[in-house]
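Next comes just one chain, in structure tokens: the form predicted on its own.
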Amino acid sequence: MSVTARQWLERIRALDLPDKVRIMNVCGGHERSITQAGLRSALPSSIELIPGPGCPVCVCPEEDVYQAMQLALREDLILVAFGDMLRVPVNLPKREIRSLEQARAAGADVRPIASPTEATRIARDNPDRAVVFFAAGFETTTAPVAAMLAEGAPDNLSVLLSGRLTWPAVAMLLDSEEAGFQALIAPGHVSTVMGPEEWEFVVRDHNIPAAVAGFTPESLLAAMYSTLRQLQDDRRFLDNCYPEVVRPGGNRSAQRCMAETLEVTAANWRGVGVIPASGYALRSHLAAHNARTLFPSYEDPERKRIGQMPAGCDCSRVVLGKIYPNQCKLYGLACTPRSPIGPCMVSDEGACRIWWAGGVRDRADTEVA
């Protein structure tokens, strides 16, 4: 018989916990489930749930968004991208085109898609036009892009890849002087692809309890209970609380496709900076499908602000778990889902957008760490 969410809460409340325990999640889907289910208000007040670097749209480099915009505006091509990317603003004056959505309104052929198969279909339906797939995402969305390339993409389809690995950002936080959390909830979908073993470093190198979770309140609470119990018993290990989907070793077929088509490289994270071995790039034998080599670069050294958020935007601190979304100075004032300033208010996986959709309207002042 499965354990219900209410029963997991009762087990958590029965634990002998310290005055304050901070648990970080690194998945926008986790944060959305936590907020929609009201788990923060249901848990003991000593437990803080901190949203971390779980939004690929939020950390996609500003220069990559700018490059995609300029390709769409200046080249005779079709640019396709996952829907959230269309509204991400770049650092330009308001009188100029600042997003792919605005580029589309100005006449560029920009089309939102939900999967690489749509990019392939559009390329085949338009054989006389170049199609560029602006592919931003973590391992879960990068794996299907790799499969598309491994299976053989249409000749007129190229990829502007902005893929990122999840774990290096967590490693960077843990290697810093103040990590700001005592337990980690690892992303179930990433672990499904890459294997839960990717998160063993959290326990092995930092003596911090970790648990892989799915997206239901039951799975999330099970993972929270596991990490809290580990703290109480002073016994650390990586627990898999999503065994119905996450298997040891992950998805070997997906990993083979990624190894065949992609290489790991240092990469810039918007608002964070360059993190070693945290990005994906197309391998050299796929140069004919690499938009970065096929088309002119439109980077502008006078305009480019590598790694910066818009003025006044605290998205980078939200992404790193340093503040809660409603502690940003712009939250709910200048920055709302209707008129977003930073990427965390754009994406459905951005913590600011999730909190706003969850009804959080009041601003707070106390920082996480």
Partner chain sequence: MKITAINGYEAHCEAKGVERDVSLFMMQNEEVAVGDFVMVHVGYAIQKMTHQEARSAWELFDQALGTADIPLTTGDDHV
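Numbering follows the first chain given and starts at 1. These numbers were taken from a predicted model, which means no experiment stands behind them.
Below, we refer to the form predicted together with its partner chain, which is not included among the displayed structures.
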Quiz item: Heavy atoms within 4.5 Å of its partner chain in the model of the complex: which stretch among 103-111, 229-237, 266-274, 283-291?
Solution: 229-237
Practice problem: Using a 4.5 Å heavy atom cut-off, state whether residue 245 contacts its partner chain in the model of the complex. | Solution: yes
Quiz item: Heavy atom to heavy atom, is residue 151 within 4.5 Å of its partner chain in the model of the complex?
Solution: yes
Quiz prompt | Interface membership of residue 99, its partner chain in the model of the complex, 4.5 Å heavy atom rule | solution = no
Exercise. Answer for residue 181 alone: is it within 4.5 Å of its partner chain in the model of the complex, judged on heavy atom distances?
Key: no
Quiz item: Is every one of 225, 251 and 256 in contact with its partner chain in the model of the complex, taking contact as a heavy atom within 4.5 Å?
Solution: yes
Quiz item: Which of 176, 115, 207, 297 has a heavy atom within 4.5 Å of its partner chain in the model of the complex?
Solution: 115
Self-check item: The unique member of 71, 159, 123, 143 whose heavy atoms fall within 4.5 Å of its partner chain in the model of the complex
Solution: 143
Quiz prompt | Within 4.5 Å of its partner chain in the model of the complex: residues from 164-197 (heavy atom criterion) | solution = 189, 192, 193
